[in-house]
Ligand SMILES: Nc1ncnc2c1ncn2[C@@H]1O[C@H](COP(=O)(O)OP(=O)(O)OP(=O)(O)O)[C@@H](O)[C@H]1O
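Given next, in structure tokens, is a single chain: the form predicted on its own.
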Amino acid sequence: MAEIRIENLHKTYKTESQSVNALRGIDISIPQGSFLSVAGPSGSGKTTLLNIIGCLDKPTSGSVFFGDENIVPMNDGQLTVFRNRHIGFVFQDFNLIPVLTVYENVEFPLAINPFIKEKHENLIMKMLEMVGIADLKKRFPSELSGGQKQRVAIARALVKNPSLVLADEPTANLDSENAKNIMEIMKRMNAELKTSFLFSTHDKLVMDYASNIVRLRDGMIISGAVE
């Protein structure tokens, strides 16, 4: 898939007493193969932006193009299909399924994705080997360290060969050594697989690894929009 373009994106949350403008006219172009960080204080709109790009939320107005395809007009069912086919997620709290093994957690996106044709075992073991935990495939999440859990999460995000991986504070629950190791893994997989990575982060380490940084404040870009 070609570049991702966000054009004049607005998101307003309304309650009975007030309206909150979470995003106010965001314009970003994300070329294929990017390693981009979105940075800003709490309440700046980082997570809202990632949720809209990830087909988890809808904007109030504006467009989000994946290549020539605008996802904003899609209904919930179409967004689910698009998300399952094109987008992977890495979360700060890992979001592994505790009753499944490492192997089964990585297999899970394949089991619900009708577009995967290749034999599951080959894909899963390839990913586990790439993140360095093939020997842990029979362990459960409770038997893993934080760094190992995040490696499982990365393998799970990439196993379906998505166009884009969204990572929301991926180093937040890791010590500095594990955080560096995780960023090294994602940077290498970005280079080898040409998958785009988009991070939401407060962490200077993540920003140091990023090829580009977009800084948000009060729902607006204050620096670093990718041309």
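One-based numbering along the sequence shown. As the structure is a prediction and not an experimental result, all values here were calculated from the model.
One more form of this protein should be noted, the form predicted in complex with the named molecule, which is absent from this view; the next part is about it.
Student: Which listed residue (P162, P59, G45, G54) meets the criterion of a heavy atom within 4.5 Å of the named molecule in the predicted bound form?
Tutor: When the named molecule is considered in the predicted bound form, the option within 4.5 Å is G45.
Student: Check each of L9, V206, V214, A22 and return the one that places a heavy atom within 4.5 angstroms of the named molecule in the predicted bound form.
Tutor: By the 4.5 Å criterion, the partner-contacting residue is A22.
Student: Pick the stretch from 171-179, 186-194, 63-71, 34-42 whose residues have a heavy atom within 4.5 Å of the named molecule in the predicted bound form.
Tutor: It is the stretch 34-42.
Student: Is S17 near the named molecule? Define near as a heavy atom within 4.5 Å, in the predicted bound form.
Tutor: No, no contact at 4.5 Å.
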